[in-house]
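Next up is one chain by itself, shown in structure tokens, the form predicted alone.
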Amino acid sequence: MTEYLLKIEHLQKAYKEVIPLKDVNLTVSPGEIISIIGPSGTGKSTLLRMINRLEDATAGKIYLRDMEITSPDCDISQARQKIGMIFQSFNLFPHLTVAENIMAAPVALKKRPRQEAYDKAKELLASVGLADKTFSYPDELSGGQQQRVAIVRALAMEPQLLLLDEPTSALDPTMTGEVEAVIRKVAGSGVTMMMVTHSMELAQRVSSRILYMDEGGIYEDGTPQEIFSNPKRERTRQFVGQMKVLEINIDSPDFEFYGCNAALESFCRKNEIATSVMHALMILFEETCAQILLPRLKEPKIRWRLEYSVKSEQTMIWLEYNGEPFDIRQSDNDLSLKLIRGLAEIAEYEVREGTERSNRVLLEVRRRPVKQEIQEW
């Protein structure tokens, strides 16, 4: 017996000028609640549309249990009866009442008796607080109420898989709260769900699993705790921490120091980083690069990368450089080390053999500088 509900193998979607999905592989078990997050343009909504055969794959396969959805011989109508989809726009039929909107698909596609479909519609509407809207028309409802009706309409078909594409993006905060409450209720009912969302709070509250999409596929896959508290990969960490990034590369001993300082100051002011932190960053840049590393490296390959988290206001520096293994804490430049110690903590040093910049140091910038007589990390 098939253990998975949904299986995706080497899925690709290519348009004329862009390839949003290059190689997607995924297995979804029954009952999982999966939120899909990531920057705009990374193929999140495209993935859902391909699962529901609203778009065709360029390559690869999608299976819903033992049914290959991507097969030319697939009965798309039959497949869609097993997959419910909620869109950003509500897509309700304006000429039908709320009850008629919900009843239409079960009666037409599943051949349910009208009375049975009506009773189910009333039951579902009551479960989302809309029992009094049974005979209303869509234009008589608020946006949040219309989205709740759209969710109920999908659930009326008793889908094996429910897809939600930014279900709260078109709503104001009050209406968003209404819809999120319904989504949390549905998530607790055992329905398998895949939801594209930009709401990190909603993703954390309802999901059993998070997919971060980037670089043409699923860049990182993990539990909400893993993705939001301890992401393993760089782009995920930047995204969930709302990272602002500045990268400075030094490929010559005669690099433009003042130009780099100007870029650093501009970055800090643009992102409203505290002046004290900005001054600390300028000192750290000079001491690590100009005073410690450049005198050691005849042909420098230095990357000084600043990451500032808007969410936590944490500031980190990733310092990568070439040459023999050398931890900057072992420098004989005592003055530079004292300045660095007062402004940052070196969290880690590692050697990455086989890379152009084989030395890497992580510095966590202190929010409050400490006295410079501190001698040890």
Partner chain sequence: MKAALLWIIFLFFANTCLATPLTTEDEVAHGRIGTWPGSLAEECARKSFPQAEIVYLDTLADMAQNLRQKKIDAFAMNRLFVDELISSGQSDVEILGDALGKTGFSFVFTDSEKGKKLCREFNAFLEESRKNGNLSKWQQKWFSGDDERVLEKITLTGENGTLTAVTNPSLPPIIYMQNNEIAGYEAELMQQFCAAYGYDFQVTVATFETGMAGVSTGKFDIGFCSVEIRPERAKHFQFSDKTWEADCVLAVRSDGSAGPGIIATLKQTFHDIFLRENRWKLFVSGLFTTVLITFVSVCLGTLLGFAKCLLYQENNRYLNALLNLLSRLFAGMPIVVLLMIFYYIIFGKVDVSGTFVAVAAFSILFGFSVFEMLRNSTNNLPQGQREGALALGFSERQVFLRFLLPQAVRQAFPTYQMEIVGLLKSTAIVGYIAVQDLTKMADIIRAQTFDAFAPLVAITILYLAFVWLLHKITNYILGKLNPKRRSQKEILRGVTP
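All values reported here derive from a predicted model rather than from experimental measurement. Numbering follows the first chain given and starts at 1.
Below, we refer to the form predicted together with the partner chain, which is not included among the displayed structures.
Though the partner chain is absent from this view, in the model of the complex it lies within 4.5 Å of a heavy atom of just one residue from A131, L96, V245, M278, which is L96.
Screening E307, E220, E100, E180 for any heavy atom within 4.5 Å of the partner chain in the model of the complex leaves a single hit, E100. Residues Y63, A187 and V191 are none of them found to lie within 4.5 Å of the partner chain in the model of the complex, as judged by heavy atom distances. When the partner chain is considered in the model of the complex, K270 lies well away from it, no heavy atom lying within 4.5 Å.
Taking non-hydrogen atoms only, A108 approaches the partner chain to within 4.5 angstroms in the model of the complex. By the criterion of a heavy atom within 4.5 Å, F87 is counted among the residues contacting the partner chain in the model of the complex.
I83 belongs to the set of residues with a heavy atom inside 4.5 Å of the partner chain in the model of the complex. Only one segment in the set 115-123, 284-292, 170-178, 237-245 has any non-hydrogen atom within 4.5 angstroms of the partner chain in the model of the complex, and it is 115-123. In the model of the complex, F135, Y137, D139, E140, R153 are the residues of 128-153 with at least one heavy atom within 4.5 Å of the partner chain, listed from first to last.
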